[in-house]
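Only one chain is shown below, in structure tokens, and it's the form predicted alone.
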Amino acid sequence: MRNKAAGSLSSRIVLSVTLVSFFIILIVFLVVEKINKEAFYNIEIEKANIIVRTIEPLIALNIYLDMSSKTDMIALQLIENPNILALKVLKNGKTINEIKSKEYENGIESSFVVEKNIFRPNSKKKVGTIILTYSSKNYQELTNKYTQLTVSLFLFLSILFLLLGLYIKRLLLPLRQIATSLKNYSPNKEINIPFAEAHNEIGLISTALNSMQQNILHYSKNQQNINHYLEERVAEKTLELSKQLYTNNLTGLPNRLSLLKKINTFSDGALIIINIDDFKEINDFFGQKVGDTILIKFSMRLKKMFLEDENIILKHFSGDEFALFFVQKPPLDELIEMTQKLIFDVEKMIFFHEKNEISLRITVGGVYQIEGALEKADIALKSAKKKGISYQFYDEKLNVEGQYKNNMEWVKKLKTAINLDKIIPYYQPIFDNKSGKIVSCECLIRLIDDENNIVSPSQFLSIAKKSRLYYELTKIMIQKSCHYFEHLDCDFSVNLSVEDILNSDVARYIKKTIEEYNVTHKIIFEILESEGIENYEEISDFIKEMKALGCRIAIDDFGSGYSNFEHLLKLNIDYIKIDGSLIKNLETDTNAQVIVETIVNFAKKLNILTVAEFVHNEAVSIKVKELQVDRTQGFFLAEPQEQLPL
């Protein structure tokens, strides 16, 4: 019984030692596996973070400059990396760029997502967010391989300890020493695992761990090489993008952004902007390719002219615009003299295309200060072009900045009025001079401002044309006027500019709207003669199309500035509206009476009705009737009003 008990006790001791050893080995390997998995995971996450940190400044700059195409280019280059699955760029919470790899679109099991805020260049103001989806494929493969190796070793040692249970106590101490050495393990640091030279199971374990450690070190070095390669590639692409950003692609000269960057590094200097006059005509006549060739040759000649002066930096903004930036500005009289010589030298330049000689003329705008140099030189250039002079230097008396500010404020008011439906028509009756009855009404645009004041078109219509809001105003007037007269038994007229008629989108909208409200036989289109009608064929086609629908046509402001009776012969019109400049002093101005009488007689022979505009008193009204003008419109009879007394 004692032998059996002893044997049983021995078995229990062996079994106990074996189980304890078994669990110790299990814990050791689980710890090692966890450490390695965390290491692999951190490596992959760090790679993704490096990529995001590298591209964030470029994307921030592109967002700030509204250059979404550059962001697309960065994304396309990144997505070539098989580990990058998707890239999304958000601006103000909205996606502006998103690109996905085929693997991502086909569905992936797992990935890392790295998110980083985008800040405006040289500012802490957040402008967007980058979201990078990075593949976890490498991480999974490494952890799977490591798990397989761990399991294999674990099984091997488990079997070994079951067979050699009696030696558990002897083997336990070396295993603990090995475990202790593994506590300070790092993938990038080689540690000394003891008992590697032993010719027993401990030696095998140590050798296996050393081999595993070498594999991990090898992988870590490879990852470092890959990261270094990626950093170099990103640096190369960054340099390439930077060069593209600050260089004109055609001439290779520094561009406008380069000038802005350069100006910020100097406390003083001068700037002149050179604009080639009517360069569009060269492109239209000879073609874009010839135009580009001339720009390249022109830039080379400018470069040669100022090659020896290190104080002058030549820039090429875009197209036909160049600039000279003076790092140290010369005396003003010398700068003006240099500008005059530049204009003279350019006019002597001859460029050849086949057998054609092409010469250039330039207009120059300059500024003799560094603060706001680019904007002020632009203002001087535009002022010179407007005056028809060859150059001008910025002067505070130009007050162009004030005009720009006023224009911008009105553009903002116009946009607000359009969005809040505060563009409305007012209606001014037109009276028949024989019966005295209202025969039609002119629809006149008005704007309701923030204080509910009614604003006349003289304050905003010209600005609307410059800001491209004019076509929107035309559409609003057409729709609201047609809606108002849809069920009224009265003709009405709407003003159209030549630009409205030549705009195919506006022309289509007009036709669609008048047919929708069934007012084709009520509406009269007033075309402004004062704008100059040059596109006879297109204007005539529009008139034919409208008259085929039953519409009528009037020539407005006839007699303002110069009048072309050829308009009346070429265009099939129904009414002539005589301009107010002839009508306002008609009772006393004999010259105006002769002109009006001539217009009336000419119109009657062509069966065209005449309308006198701006009749403001009784004397003028009587004179209009004496000259046999058919209809009258003006404040003397009725002012424009929101509702008609019909």
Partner chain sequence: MKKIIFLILTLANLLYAHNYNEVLLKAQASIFPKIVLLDKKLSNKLIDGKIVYTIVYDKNDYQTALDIRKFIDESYDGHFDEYEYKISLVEFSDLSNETQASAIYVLNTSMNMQKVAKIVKEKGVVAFSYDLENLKQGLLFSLLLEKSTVLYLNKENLDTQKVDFLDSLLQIVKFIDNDNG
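All figures in this text were calculated on a predicted structure; none of them were measured in a lab. Positions refer to the first chain, counted from 1.
Just so it is clear, the following notes concern the form predicted together with the partner chain, a form of the same protein that is not shown.
Participant: Three residues, Leu61, Tyr64 and Lys70; all within 4.5 Å of the partner chain in the predicted bound form via heavy atoms?
Facilitator: Verified in the predicted bound form; spot residues all in contact, yes.
Participant: Taking the partner chain in the predicted bound form as the reference, which of Gln214, Thr265, Asn122, Asn518 has a non-hydrogen atom within 4.5 Å?
Facilitator: Looking at Gln214, Thr265, Asn122, Asn518 one by one, just Asn122 meets the 4.5 Å heavy-atom criterion.
Participant: Tell me, yes or no, whether Gly580 is in contact with the partner chain in the predicted bound form, where a contact means a heavy atom of each within 4.5 Å.
Facilitator: Result no; Gly580 lies far from the partner chain in the predicted bound form.
Participant: Which one, 51-59, 583-591, 35-43, 607-615, holds residues whose non-hydrogen atoms are within 4.5 Å of the partner chain in the predicted bound form?
Facilitator: Partner-contacting stretch among the options: 51-59.
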